[in-house]
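As a starting point, one isolated chain is supplied in structure tokens, in the form predicted alone.
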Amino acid sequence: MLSLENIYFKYPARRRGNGDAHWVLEDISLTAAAGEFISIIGPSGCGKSTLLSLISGLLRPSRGRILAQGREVLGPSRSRVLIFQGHLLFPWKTAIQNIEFVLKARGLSQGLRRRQALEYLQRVRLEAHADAYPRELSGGMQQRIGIARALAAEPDILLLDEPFSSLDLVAKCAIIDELKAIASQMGKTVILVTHNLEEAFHVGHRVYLLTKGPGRIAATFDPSATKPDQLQSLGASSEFQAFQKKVSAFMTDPAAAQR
């Protein structure tokens, strides 16, 4: 379980010049259970990525608190893993060696590392490319290996910061569907930050819309279980079209959208 309780955050004023401290996030509260996929959307500069850094423990809230598995988040932990747009794989290591690196840090023996690394590659359907270097793989494959490496840390919470934005539609759909299945099967909580409304709606059990900075929760959406199974067919869905219209209304005039 992840719980954010009345989170406020501001960066300190610059020591030189006249820059004042400014609030990036104000009064953010939300919860996410094991197996849930939460999407966070909003305009550039609303604090989406900052929110992920707070959940990961890379930053500390100015006010409020964040609880993960009932414990307050006070710093980074392998129980909360960030996945960025770039895969950040070691280019001099093969796919399986990239995953073994994480398993070695967990203290696993060499033989066990190899077996478990192959299991994680199987989860993302890339066991046939275990000995390939990142440069020999497509962007979608590289991102899937990055996800496998993140899962090898055995986190409770996966934090995704625009990880699919550079991928073509086919690769994006494959990774998203695999990640949804993995999150459900392994009981992971997943928080996705994205500008892409189709992605947010397709994967989200809930979608939070943040206002332009300082970021506040302007609206919460609960996509129904009857939404299309395929990302490609989402655009024709009347439910998605209504969601898209509502988000546009909030972005244009939040006060009017709430009436």
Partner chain sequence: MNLLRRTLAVLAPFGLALLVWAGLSATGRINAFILPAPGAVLRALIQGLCSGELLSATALSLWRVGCGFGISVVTAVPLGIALGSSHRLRGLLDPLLKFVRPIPPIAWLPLAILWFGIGNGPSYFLTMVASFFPILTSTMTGVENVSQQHLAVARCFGATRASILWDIVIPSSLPMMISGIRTGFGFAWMAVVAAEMIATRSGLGYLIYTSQDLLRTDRVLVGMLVIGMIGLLVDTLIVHLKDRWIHWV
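Not measured: the values here are computed from a predicted model. Numbering follows the first chain given and starts at 1. Between two forms, the rigid core is the largest collection of C-alphas that superpose within 1.5 Å.
From this point on, the text means the form predicted in complex with its partner chain, which you will not see here.
Participant: Any chance residue 77 has a heavy atom within 4.5 Å of its partner chain in the predicted complex?
Facilitator: Yes, residue 77 lies within 4.5 Å of its partner chain in the predicted complex.
Participant: Can you work out whether residue 105 and its partner chain are in contact in the predicted complex, taking contact to mean some heavy atom pair no more than 4.5 Å apart?
Facilitator: Yes - in the predicted complex, heavy atoms of residue 105 and its partner chain come within 4.5 Å of each other.
Participant: Determine whether any heavy atom of residue 91 comes within 4.5 Å of a heavy atom of its partner chain in the predicted complex, and answer yes or no.
Facilitator: Answer yes; at least one heavy atom of residue 91 falls within 4.5 Å of its partner chain in the predicted complex.
Participant: Is residue 135 one of the residues lying within 4.5 Å of its partner chain in the predicted complex, judged by heavy atom distances?
Facilitator: Heavy-atom contact with its partner chain at 4.5 Å: present for residue 135.
Participant: Only one of 186, 112, 153, 130 comes within 4.5 Å of its partner chain in the predicted complex by heavy atoms, so just point that one out.
Facilitator: For this set of options, the contacting one is 153.
Participant: Could you work out which of 81, 167, 126, 175 is the residue within 4.5 angstroms of its partner chain in the predicted complex, going by heavy atoms?
Facilitator: Looking at 81, 167, 126, 175 one by one, just 81 meets the 4.5 Å heavy-atom criterion.
Participant: Would residue 93 count as moving between the shown form and the other one, using a Cα shift of 2 angstroms or more after superposing the core as the test?
Facilitator: For residue 93, whose C-alpha is compared between the shown form and the other one after core superposition, the shift is 2 Å or more.
Participant: Does residue 186 count as moved between the shown form and the other one, where moved means a C-alpha shift of 2 angstroms or more after fitting the rigid core?
Facilitator: Not so; residue 186 is displaced by less than 2 Å.
Participant: Quick one: once the rigid core is lined up, does residue 135 have its C-alpha move by 2 Å or more between the shown form and the other one?
Facilitator: Yes; residue 135 is a residue whose C-alpha shifts (by 2 Å or more) between the shown form and the other one when the cores are overlaid.
Participant: Residue 185 and residue 131: their C-alpha distance differs by 3 angstroms or more in the predicted complex. Do they come closer or move farther apart compared with the shown form?
Facilitator: It is farther: in the predicted complex, the C-alpha atoms of residue 185 and residue 131 lie at least 3 Å more apart than they do here.
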